[in-house]
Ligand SMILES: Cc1cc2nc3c(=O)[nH]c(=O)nc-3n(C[C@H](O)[C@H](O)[C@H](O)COP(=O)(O)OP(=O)(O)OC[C@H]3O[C@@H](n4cnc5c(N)ncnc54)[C@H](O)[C@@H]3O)c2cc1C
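Before any questions on binding or motion, here is one chain by itself as structure tokens, the form predicted on its own.
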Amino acid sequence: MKKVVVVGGGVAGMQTALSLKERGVEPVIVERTGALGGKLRNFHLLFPSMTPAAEVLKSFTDQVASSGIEVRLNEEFSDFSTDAPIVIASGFNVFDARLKEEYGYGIYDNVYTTVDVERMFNEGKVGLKDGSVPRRIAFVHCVGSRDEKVDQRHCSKVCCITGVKQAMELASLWPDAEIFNFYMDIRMFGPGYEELYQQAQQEAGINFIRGRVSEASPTIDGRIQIKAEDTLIGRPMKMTVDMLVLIVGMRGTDGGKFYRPRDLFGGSVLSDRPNVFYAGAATAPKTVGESIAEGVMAAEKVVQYLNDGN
């Protein structure tokens, strides 16, 4: 029987491989880094349930290990000319916030991305550069999403809920801190997301301001001044904060673009080549749960392809 190459060892790739193995097909996971898990390895708590990401990751890696699936780490897959079945589960890249120079990421102290904040939570070292506790924190939504200036016109889908989740985590850590979320519009599309958004306002005291931040600059006392417009009242505003968090979006792994599936309905895991399939965020921004579900779907399509005599 032909082996199926699964390109990428994140949750979509691992679920694809596990589903193939259950159906009697031998998958090979090819992962370019030194460990399985993909972006899940960098997450702290998963929205909206606040489940520790480490628990979900361990469940998957334990299953892969016990199943005997072949895993090739630190290896890039490049032989796309083969006629063997291939599932591309390459996930996504994170938008480089340095491209939005107006926010000062990498230039000013205490300007972070949501990726940085997740890492700090995992390391147990959340705070300002000098180790002090911030009095006021601002989150900026849609950094690298819905932005024609950086050729990122798509919505990254999970940014809004990520900003809500992290704001609530910081509010729990520092109850006396003022926390603001600057947004264009709030997109709470998933189950439990709207409820978490309401909880953030009503219980955690998070402030939400509709308006895009246009500029950030350092102050004499080492804080950060941001300029924005409150579009609900139609007035410009300035605010000085201790910590600025940029909610960065997703970029595709195909030269910065996402792979294009055959169609968005029955062919969402199919490509224009009969032996090449997709799973997870390789084709568009997706949640962990959606990526897992597509891993199952991709495995079903591969088995169907093999059963048809290929």
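A quick note: this is a predicted structure, and the numbers were derived from the prediction, not measured. Numbers for residues come from their place in the sequence shown, where the first is 1. We call the rigid core the largest set of C-alpha positions that still match within 1.5 Å between the two forms.
FYI, the form predicted in complex with the named molecule isn't displayed, but the following is about it.
Judged by heavy atoms within 4.5 Å of the named molecule in the predicted bound form, the contact stretch among the candidates 216-224, 101-109, 114-122, 233-241 is 114-122. Proximity to the named molecule in the predicted bound form, defined as a heavy atom within 4.5 Å, singles out one entry of Asp83, Asp151, Glu75, Glu194, which is Glu75. Taking the partner from elsewhere, Ser59 is found to have every heavy atom lying beyond 4.5 Å of the named molecule in the predicted bound form. In the predicted bound form, the named molecule stays beyond 4.5 Å of every heavy atom belonging to Ser19. Proximity of Val164 to the named molecule in the predicted bound form: non-hydrogen atoms within 4.5 Å are absent; the residue sits far from the partner.
Among heavy atoms of Ala281, some come within 4.5 Å of the named molecule in the predicted bound form. Contacts of stretch 136-152 with the named molecule in the predicted bound form, defined by any heavy atom lying within 4.5 Å, are made by none of its residues. After superposing the rigid core, the Cα of Phe189 is displaced by less than 2 Å between the shown form and the other one.
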